[in-house]
Structures are given as structure tokens and as C-alpha cells.
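Two forms of the same protein chain are encoded below as C-alpha cells; each is given separately, as structure 1 and structure 2.
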Structure 1
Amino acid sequence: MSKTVVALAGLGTIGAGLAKLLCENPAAGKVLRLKSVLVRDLSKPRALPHGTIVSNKASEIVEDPEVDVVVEALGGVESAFAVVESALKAGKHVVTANKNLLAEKGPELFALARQKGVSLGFEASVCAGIPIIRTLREALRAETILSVEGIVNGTTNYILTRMSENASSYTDALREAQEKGYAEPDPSYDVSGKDAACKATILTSLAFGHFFPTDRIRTSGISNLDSQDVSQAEAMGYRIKLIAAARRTKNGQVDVEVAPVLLPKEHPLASVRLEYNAVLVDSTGLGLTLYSGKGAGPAPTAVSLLADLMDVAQGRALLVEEENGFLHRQENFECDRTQLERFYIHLSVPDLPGVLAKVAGVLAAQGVSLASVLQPEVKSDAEGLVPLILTTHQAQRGRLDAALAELGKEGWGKGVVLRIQDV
């Protein structure tokens, strides 16, 4: 039996991890052969099998007629897109872990893969240590999915865990995450929620059958949270988690959001700690199903890439079908501001008599009633502001936003607004 010939584009941390697996995994060795590797710098020493071709020209590996499948491990979008597009046009199967590429260029690439009759494997693009892509594409293909929500970014989950369990400040928790390699030197892509939004695009497109552009997903991160928010949530019986959520609305549309949320401690996602990820799927037949594991890192990512390669080698790789969600753009997905939910609000207000009454009055004028009020006894800051922490009864987010905009006219800082989710 001839082996499936692999070309690997990129030999960074992920690419090197995959190359190592291809050499050491017995099952892989029986059906796969790494022939060539694309690198930027030919002068660097490489730990590769004897005879492996090392090139800095994409065309040399992509256009090789002997190559059956190209693995894209370059990262970024433009260079990765050029390699993947060329590979697909040449009739090669492609495997990638590049969530940014799929979130931005997915419709074009899946349409091209369908046209050429080849597969585009992307299990490693979301929660690499959890087979959530495979689950949505295969195990749940006969289900009607009602919602998908998950912790899909290990950096933010590590930070929030440390803030919760160790009473660390955001700054200290971030520094620890960077020291352990869970956060980049510039963590903005993760802590802003942008990484999770790219993954939400992929999951939502699979779960609901339409492509959801990342730039249209409401996205907020965790950098404006402080230890007081986390400790107050704990005292109320909740934990704060950055959640990527997509759900069907009453109107039959799909509402997608990435934001920190207060989860009850008994919620399945509330106990997911440190760098671990988890995805909770609600479907009509199975109800709630939970998928959890290490979401990122060289080892889990390489394992998922290898699984996709094995599928190609053994004839199990899925071709792109007409109903593939990336082929159908969702033009009218809903930004639902009308459904009733509870909220946690952390404002900065003047330390003056009558302020609480005014805040309550502005909220009441929009139909937002208060469930609890906490004004910690702390000294005012340099601008004369003190924290005011509120929780609401069920209210429409649109009305709450209108009230906060009205309060903002006073020059009071709009602080933290988090959805409170019940089990």
C-alpha cells in the first residue's frame, strides 16, 4: 500500500510538533510520508527525517505532483491564504489549524475545495485538544442545534481562574500567564476577545449552517475586569468566564456574542479551570452535551492536525458538501437586544448624595429594575469617583444600554456590564 505524501508549510512550534509526530507515531508512519517542508530561513538547522526536502519557495512543495496533501502551519492570513489557495487549485487536500484564515477567508477556500473535489481539514482550528469540529460535522449532523457556548480561549480562562482562586489582580494573573507561556508578550488578541470571536465564527457556521463574519459578532474582552468584579461574582455564587455563545432566537435567527459572563458555580462551564477549554452544545435530541480538554498548545494542535491527515490517508476525510455552513452567508443574523436577561453592572460615580437615586431613576425610566446595590466603602479616586455595583432583575439589553448612555452624559465612567446567566 502506497503512503500518502505530505508537504508541510511552516516549521514553527506547531509545524515542528507535527513533523515530530509524523516521525514517531507508528500508525502515522504506516500511511503517511513527509516529503517536503516550506520554511522562511534555509540557514536554520532542522530536525527532519533524512531526505526531507526543505524549501523557501511555496511553489516547489505545492505544485509537486507527488504531494497528496498540504498542511498549512504558517499562521497569519495573507501568506497562509496564498499557500492554501494554490494547494487547492492544484487538487491537493489541505489541513490547517489557522482559525484566522478560516474566519476571514473560509467561504472562498471551502468553495474552492468543493469545486476541486478535495477536503479541507480544520479540526485543530478550534479547541485543538477537543474534537469539537468532528463532533459538529459528524456526530451531531442529524441534530437540530439550539445553542453552542464555550470557553474557547485558554489565555483568558487561565487569567480568570487565577483572579478567582488566588485573588490575583488582572495584571498579576496576566504576568503569570505570560511567564508560563499561556499568554503572548502582547496579549491583546486574546484578552480583547478577538481570538474567541474567530473561533465563534467557525463553530457557529458549523452548528447553524451559515457563515457568520467575525466583524459582525458582538465582542468584548476581560481587560476591564478587576479583582473586585471577580470577588463580588464569587460572593454572589457565580464565576466570570469569557464565553463564546451562539443561540437560536425566538424569531428563528441566530444571536452570536463573545463576552465575559457570570455563570452560576453549578453551571457545567463554571468549573473549567486554567488553560482548559470546554464547549457546551444544546440540541433537540441529546439535550446538553459537554466537550472539554486542553484547547491549545503544540501537542494538542499537532495531534488534531495528524488526525486530519490520517483521515485523508485512510479515505475518511469529508469532502465539502453543498450544505457546508461556510458556503452560505448569513445576511440577517440577529443582534438580539430584546430578550430578557439579568445583568451585573459596575459603574464609577461621584461620591455625592443623591447619586444612587439618580442612577436608579434613569434605569427605571428604561424599565430596568434593580435587584441589589453595593457601594463599597473606599476612598474616591483622583477624579472623585467611587465604585457602584448593581445587579438587575430581568431586562432588555437594549433598554439597559440606553440607560447607560444617559448616565454617560453626566461624565460618569461606564464600567463593566456583564450578563448573568442561570443554569
Structure 2
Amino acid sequence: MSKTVVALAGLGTIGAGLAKLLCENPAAGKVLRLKSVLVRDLSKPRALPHGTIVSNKASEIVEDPEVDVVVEALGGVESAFAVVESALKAGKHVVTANKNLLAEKGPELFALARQKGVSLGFEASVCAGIPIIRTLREALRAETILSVEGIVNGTTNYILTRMSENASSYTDALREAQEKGYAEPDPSYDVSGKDAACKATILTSLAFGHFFPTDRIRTSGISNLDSQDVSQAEAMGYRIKLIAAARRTKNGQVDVEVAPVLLPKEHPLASVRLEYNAVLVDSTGLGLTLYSGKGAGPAPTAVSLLADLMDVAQGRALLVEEENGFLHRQENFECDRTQLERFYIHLSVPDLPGVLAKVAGVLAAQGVSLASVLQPEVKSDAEGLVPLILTTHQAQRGRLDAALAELGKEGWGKGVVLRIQDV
């Protein structure tokens, strides 16, 4: 039987991980042959099987009539889009690890793949090695999904774990995540929540059958958290995790958010450590199911890329189905600001008489009741401010935001506000 011929666009952290697995995995060796790779810099040494073509011209690998499937592991959007679009136009199957590309150009690319009758595999684009795309697309396809929430970024989970368990600094933990190959080529995508929001777009489109543009998802990252937030959350019995959450609302719409959240230590997502990811799905027939595993790094990502390639080689790759959520635009976003939730608030305030009374008064005027108040005994910062850490009883986010805007007029409203999720 002739082998399926693969062209690999990108031989960085992820591309090199896949090239290694293609050489070492016996099942892959039986059905797949890596013919060519696309890179930017031809002078870099590359560890590749003898005879592999290395090119810096996309057309050379994409237009090669012998190539059956193109793997995109370039990153970014523009060049990746050009490669994927021309491969699909040439009638080749495509496999990609690129969530930015799918979040931005998914509707166009899936429509093109459908028109050409080829597959577009993207298991590696969300949670690296966890087969969550297959689960939503195949195992749960007859289920009505009520919510999908999870830790979908390995870099930020690694940073938060190291800060909480080893008292590492944010900067040291981020550097380690980069060294281990978890971070994006531009790590600001990880820490700002953008990477998780792109993954939320993909998961939500599969779970709810509509495309949710990433720029409509309320997104906040972890870069404004400090070690005090991490240790204070621990002291209160919680762990801070960056959570991507999409829920059907009572009006039948969908509310999507990416934000750091305080989870009680007994919550199933609270014990997910380091670069591991986990996704909790609630569906009508099955109830809660939890999927967890390594969510970042070259090895787990290569496993998912290889699974998509094996599907192509063995004629099992799913074509783009009519109900693919990327093909259907969603206009009905709902941002539910009336739901009752508890909050953790870290303000910076002047250490002066009456400040605490003013803060409590402004919150009370919006019906926000305090559950706890802590002003640690620390020296004031360069601006003469000290931390004031509050937790609230259940309150509406909209009313809390109004109170914070009022405090903002005093110059004190700036700070960290996190949802506290009880089990």
C-alpha cells in the first residue's frame, strides 16, 4: 500500500516535535511519509530524515502534486492562512495546530474545505494532547451541551501553579514555561488570555453550533495578578485558575468569558497543575464529564497532530459537516451581568482614616455586601497606597462594576476583581 505523503509547514517547537514522532512512531511509519518541510531560515541545522526536502518557498511544498496532506505549524495568521488556503484550494487535506488562525479565519477555511471535499483536522489546536475536539465532534454529537468550562492554556496554568506551590515569581515561571515549549512564540498571547479566548471560540463553535468571534468574548488574563493574590486565595481555601467558560443562559443564548477565577480547592479543575489542561462539559444526557491531560508542549501536541494525520492516511478523517459551528455565525451573545456571584477584590488605597468606610459605603450603595476585609500590615507603595483585599457576598456583576467605577473617581477603583466560584 502506498504511503500518504506529508508536507510540514513549520519546523519550530511544534513542527520539530511532529517530525520526531513521525520518525519514531511505528504505526505512523507504516502509513505516512514526510516528504518536505517549509521553514523561513534555510541556514538553521534541522534534524530530519535523510532526503527530506527543506524549502523556504510555500508554493514548492503546497503545490507538489505528490503531497496528500499539509500540516500547518507556522503560527501567526497571515502566512499560515496563505499556506492553508492554497493547500485546500489544491485539494489537499490540512492538519493544523493553530488556534489563532481558526479563531480568525475558521469560517472561510472550513467553508473552503467543505467546498473542496477535503478535511481540516484541528485536534492539536485546543488543549494539545487532550482529544477534546473529537469528543465534542463525535462522542457528544447527539448531546445538547449546557456548558463547557476549562483550563485551556498550559502556560498560565504552569505559572499559577509555580507561583502558588513554589513561591516562584511570575517572571521566572513564565521563563520556565517558555523553555519547556509551552508558551506561544509571543507569550503575551498566553498571559493576556488571548490564546484561551481563541480556544474558547473553537470549543464554543463546536459545542453550541455557532461561530463566536474571539473579539466578542470578555477576556482578561493573569498579568495583573501578583503573588499576594495567589497566596491570599490559597489562605481562603481557593486556587486561582484561568478559566474559559461558555454557558447556555436561561434565555437560550450563550455567555462566553475567559478570566482568572477563584475555585474552591475541592473543585475538579482546582487540582489541575502545571501544563495540564482540563475541560468540564455538562450535557443533557450525560451530565458532567471531565477531560484532562497535557495541554501544552511539543510531545502532546504532536500526538494530536499525528492522530489527525493517521485519520487522513486511513481514510477516516471527518469531512466538514453541514452542522459545523464555524459555518454558522452567532449574533445572540449574552453577557449576563445580573447573575448573582461572589467576588474577590484587591484594591490599592491610601492608608488614611475613612478610606475603608468610604469603600464599604460605595459598595453598599450598590447592594454589594462584604463577606471579608483584609488590610495586610505592609509599607505603602511608591504612590503611598496599600492593598485592601475584600470578598463579597453574592452580588450582581453589573452593580459591582458601577461601585468600582465610583471608587475609580477617587483613584482607588483600579485593581484585581475575580469571580469566586463555589462548587
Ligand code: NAP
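All residue numbers here follow the sequence of structure 1, with the first residue given the number 1. In this text, rigid core is short for the largest set of C-alphas that superpose within 1.5 Å between two forms. All figures in this text were calculated on a predicted structure; none of them were measured in a lab.
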{"property": "Identity of the form predicted together with this ligand, given as 1 or 2", "result": "2"}
{"property": "Residue 169: Cα shift of 2 Å or greater between the two structures (core-aligned)", "result": "yes"}
{"property": "Did residue 55 shift 2 Å or more between the two structures, C-alpha, core superposed", "result": "yes"}
{"property": "Core-aligned CA displacement of residue 23 at least 2 Å between the two structures", "result": "yes"}
{"property": "Distance the CA of residue 45 travels between the two structures [rigid core superposed, Å]", "result": "4.8"}
